[in-house]
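Before any questions on how it binds or moves, here is one chain, the form predicted on its own, in structure tokens.
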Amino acid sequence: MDLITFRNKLFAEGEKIGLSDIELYYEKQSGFGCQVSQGEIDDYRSSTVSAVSVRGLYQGKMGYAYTEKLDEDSVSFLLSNLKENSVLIEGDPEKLFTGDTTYEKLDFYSPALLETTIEEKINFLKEVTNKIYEYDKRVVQTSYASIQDQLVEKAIFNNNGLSLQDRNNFLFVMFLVVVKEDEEIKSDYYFKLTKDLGAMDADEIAKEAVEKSLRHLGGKPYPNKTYPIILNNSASAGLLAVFSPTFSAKSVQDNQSRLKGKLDTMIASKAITLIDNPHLPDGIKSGTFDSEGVPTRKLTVVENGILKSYFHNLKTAEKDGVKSTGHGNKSSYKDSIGVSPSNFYVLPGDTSYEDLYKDFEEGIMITRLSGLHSGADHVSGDFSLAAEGFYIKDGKILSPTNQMTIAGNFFELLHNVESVGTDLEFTPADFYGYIGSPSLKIKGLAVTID
């Protein structure tokens, strides 16, 4: 049964049995993934999953149900389950969005990716992998070499007239390159996302991936103390990702954020502006409406250090007496509505990467952080993380350091940002959204070097 026919039948049957405010949420995810090891395909996945979830009011209480089948029997199954679990759910029922006239007419879908064959994707991955080994004799392994693409289609309908559809697709490659010199072994990840495989250069990717790992060879010990820091773009994006829940109105209302009561106050240095842009052309999380059907829009969360807004869904917005910011989010069709950013990033400054540290008499550049999920507390802001990077002397990178541990507090770090680079980079998509940052110049962090 096609989606529109299914919707019409669901709404008609639902109203017959006394349901009101019925909503149908549709999600389709198609993806291909492949890993290569020793020049051969090691893992291969291709899948398409279509599913719907429904919620609606029955005798004044909201019920929920979902299924991966769109057929006649599923209509009865959904309505029956919705009625049954509505009596079990405590609390005030959620309200459905009735619609808006301000939806942007945008399409984040790339036809070029649809036209790219699986064979072309596999061949490209093999080509880059071979060039990685050819680039430098110190490369001993690509312990992870993967290409993945994904197409996400979403739609929301309700019996109050709301009818929305959206789609987005993207492709990325990721490599973990292991290099060895004498008895020293180092590695680093390389990630690159595109909407057009034809625009990716295999030679350039191989060079960047290998050089990223080679730069860590020759690490040396340095004194343990508080250093001025350059937190490079990928490291600062990873740190922002872990602490992004603190900007959620739900976290604030649940007393799980130190930003409670901080609206219109200075929570960072003037160099920091935080933007959430759901209309970013290449954004993995781009879309014209959120999981409740609320129109999305570009949102300034922090402006020149001042907290201007939290992320809101309909429920948190009603509680605070404001409008939803369009950040209602379902991680999947099975989940309830939460709050999450889309494409959330630090606005780039006007200082080049090299100029960020040119006045350092002595300092540390952090290029990679580990243990972000276990070594950071997004409520208190405290973190203690394993790190890799470089020692800077008289404005120049002198050498890699041995393994480091950095410790500090995220909220204090925001206040201690002196300059923001121009080199915006995004993390791979994860639970927190698509998070990005340029490199940041920090007044100081406690650094312990093994």
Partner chain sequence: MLNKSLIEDVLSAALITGGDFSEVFVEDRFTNRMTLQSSKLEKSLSGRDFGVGIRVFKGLNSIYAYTNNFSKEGLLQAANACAQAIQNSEEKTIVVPLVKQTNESIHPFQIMPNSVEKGRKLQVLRKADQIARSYHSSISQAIIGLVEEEQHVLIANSEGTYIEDTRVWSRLAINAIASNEHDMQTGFYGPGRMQGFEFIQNLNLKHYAREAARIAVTMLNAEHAPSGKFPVIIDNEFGGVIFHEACGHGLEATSVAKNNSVFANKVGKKVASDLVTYIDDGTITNEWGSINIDDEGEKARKNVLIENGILKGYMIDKFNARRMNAESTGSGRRESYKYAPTSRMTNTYIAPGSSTPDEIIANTEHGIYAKYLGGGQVNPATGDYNFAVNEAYLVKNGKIDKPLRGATLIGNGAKTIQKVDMVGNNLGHGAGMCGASSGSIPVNVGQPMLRVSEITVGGREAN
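Residue numbers count along the first chain shown, from 1. These figures come from a predicted structure and were not determined experimentally. Throughout, rigid core stands for the largest set of C-alpha atoms superposing within 1.5 Å between the two forms.
Below, we turn to the form predicted in complex with the partner chain, even though it does not appear here.
Stretch 326-334 is the contacting one of 326-334, 305-313, 231-239, 200-208, since its residues have non-hydrogen atoms within 4.5 Å of the partner chain in the model of the complex. The partner chain in the model of the complex is approached by H373, whose closest heavy atom lies within 4.5 angstroms of it. In the model of the complex, the partner chain lies within 4.5 Å of some heavy atom of T405.
The closest heavy atom approach of V178 to the partner chain in the model of the complex falls within 4.5 Å. The closest heavy atom approach of L385 to the partner chain in the model of the complex falls within 4.5 Å. For the options T265, S352, S380, T300, the one in contact with the partner chain in the model of the complex, meaning a heavy atom within 4.5 Å, is S380. With the partner omitted here, the residue from R138, K250, K121, H216 that has a non-hydrogen atom within 4.5 angstroms of the partner chain in the model of the complex is K250. Each of F77, S187 and A446 places at least one heavy atom within 4.5 Å of the partner chain in the model of the complex. If you take 52-66 and check each residue for a heavy atom within 4.5 Å of the partner chain in the model of the complex, you get Y64, A65, Y66, in sequence order. In the core-superposed comparison between this form and the one not shown, E68 has its Cα shifted by at least 2 Å.
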